[in-house]
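Listed next as C-alpha cells: two forms of one protein chain, kept apart as structure 1 and structure 2.
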Structure 1
C-alpha cells in the first residue's frame, strides 16, 4: 500500500550516530563531501573510507542496508566509470575495434567510482540516522544566518515539514483517484505518449482540486492554533549540542587534517603510479580549464 511508504529512509535506532545533533551531522556530511573533492590521490580515499567505515559501524545500520542505497544510482555509477574509462587519453593498455582503454582512463574510472560510492554512502548515512523532522530543524538552524539576506528561513523549513507530512497523503489520494477513474473505464497504459498524457487529466484535475482544498483547510487549522509566523515561537524540542557533538566536531577536524596531510604531502613519498595519476589529473584540470 502506498500509505506505508516512509519518506526519506530513516533507519530506526538508538546509536551514537542517531543521537548526534542534526546540525553536527549536516555539517559533518558537508565537510566529508568537500574532503572527497579536494584531492585526487588514492590515500585520501583510504582515509575517507576508514572514516566512513567507522561511522557506519557506530551507526549500527547493517552494511547490507547501507549498500542497498547504492542501487538507485548504480546506472549513474557505471555510466561515469565507463565515460572515464573509454574517453581518457594516455598510454593505451587495451584496444579493440574503435575503443581504447588507457592506463589513465582506468585509474580515473576507479577514482571517480570510489568517490561517488563514498559520497552516496556518506550522505545516505546522514538520512538513515536522522528523522526528516530533525533534519528540517537542523537545516533551519544552519540557515539562520541567511535571514540577514531576507531569506525566509522559518517559512522554508515550515514548508518542508508540511510537504513531508502531506506527500504520503497525496500519494494515497493519487492511487485512489486513479482507481476511481479506472472503474469508470479509464485506460492509462495504451496509446502513444500524447494519448497517455491526456489520459492523466482525469487524475490530475481532481488531485489539484484536492491539494488546494487540503491547503486551505490546513491554513485555517494552523491559524486557529495561533500560528502567526516564526516570531515569538518557542520550541518543543530545541536543538542542543551535547558532549558527544563536541567530540564529533573534534574527530571531524582530525579527519579533515588527515585528509589534507594525505592529500598534500603523502604523494611526495608515494609510488610512481600515484605521481603519474596526479599528473594526469593536472592534465585533466588544464584541459578542463581550457574547455571552460
Structure 2
C-alpha cells in the first residue's frame, strides 16, 4: 500500500506534458480543480474526464501507474460515498431496518466519488510530470505578487519543495522499517482496529527519529553552503514561456468554456431529449413484455 502512493513522485519522460512550463501546469491544475466544483451534473464530469484522459495520453505516463495512486485513498472514497448514500434525504429507493437509500443520496455519492477520483488523478499528473526543483521555481514565480504584503514567498516555496522531496524518502523508509519489523515477528494485519494501531507504534517511533535526523542533516548542509534565503539569489535555468505553453493556455480556456457550457446550458438542452429516450425505452419494454 505504501508503494502505491504516487503524490510527490516524479515519473521521468520526454512528453509534451513534461516539457511544459511548471507555471502552466500549476495554473492548469488549479483551473481543473476549480472546474470540478463549479457544477454537479454528469455532463461536466464527462468533459473533465475526457480532458484529463487526453492529458494522461500526452504525458505518456502509464495508466496503471496513474491508477495506482488511487489505492491509498480507496477507504476515503468508500467512506465519502457511504456518508452521502445513507445520510441524504430524498426519494427513497431502498429501505431496510433503519437505513434508507434515496435517489438524491445515490446521485450525490456518485458525484462526490467521481469528483474525488478526478481531483486525485489531476493532482498526481502534475507531480508525476514535474520535478520538485521546477515545481518550486514555478510556485515561487506565481507567488511573487505576495511579496508586496511581506509574505516570505521563497521560503514557502522551499518548504513545499522539501516536503515533496521527503515524501518518497519517508515512504521508502517506512517500507524498510515495516519489513524489518515483520522479519522480527511483528503483525500489522490481524486483530481489531485498536490492536492494529498499537502495532504501528514500533514503526512510527523510528520513522519520526529518522525524519528528524534527516531534517537536521539537511539544515546543517544548507548552513554549510551559506544558504540565507531567497534574497539576491538567481536561477541556473530561469523559466521562460514557449509556444507550447501558449497553446496549452488556449486549450485550457477552451476546456473551461466547455465546462461552463456543459454546466449551464447543456442540461436544459439535453435533459428533455434524454427523458424522451428513457420514456421511449420504457414503452418498448412494456410492449415487449405484453407481447411475450
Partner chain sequence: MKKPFLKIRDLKYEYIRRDEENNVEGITTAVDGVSLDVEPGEFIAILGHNGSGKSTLAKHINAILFPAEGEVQVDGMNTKDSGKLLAIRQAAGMVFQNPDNQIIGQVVDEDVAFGPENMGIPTKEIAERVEESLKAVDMWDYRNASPNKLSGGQKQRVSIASVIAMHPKCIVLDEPTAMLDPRGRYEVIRAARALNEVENITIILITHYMEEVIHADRVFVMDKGKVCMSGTPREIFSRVEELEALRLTVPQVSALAWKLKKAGLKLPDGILSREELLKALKDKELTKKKKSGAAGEGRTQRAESEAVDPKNCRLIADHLVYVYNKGTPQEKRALDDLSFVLRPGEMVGLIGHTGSGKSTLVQHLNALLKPESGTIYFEGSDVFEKDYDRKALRGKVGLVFQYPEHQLFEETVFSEVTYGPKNMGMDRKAAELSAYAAIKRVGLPDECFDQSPFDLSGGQKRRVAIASVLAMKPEILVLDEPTAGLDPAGRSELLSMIRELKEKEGITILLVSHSMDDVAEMADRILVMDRGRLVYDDVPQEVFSHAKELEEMGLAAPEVCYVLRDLAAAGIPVDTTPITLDEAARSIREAYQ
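It should be emphasised that the depicted structure is a prediction, and the values quoted were computed from it without experimental measurement. Residue numbers count along the first chain shown, from 1. Throughout, rigid core stands for the largest set of C-alpha atoms superposing within 1.5 Å between the two forms.
- Source of structure 1: the form predicted together with the partner chain.
- When the rigid core is held fixed, the Cα atom of residue 177 travels 2 angstroms or more between structure 1 and structure 2.
- Fitting the two forms on the rigid core leaves the C-alpha of residue 147 displaced by under 2 angstroms between structure 1 and structure 2.
- Superposed on the core, the two forms barely differ at residue 79: its CA moves less than 2 Å between structure 1 and structure 2.
- Taking the core as the reference frame, the CA atom of residue 168 shifts 7.8 angstrom between structure 1 and structure 2.
- Core superposition gives residue 156 a CA displacement of 2.7 Å between structure 1 and structure 2.
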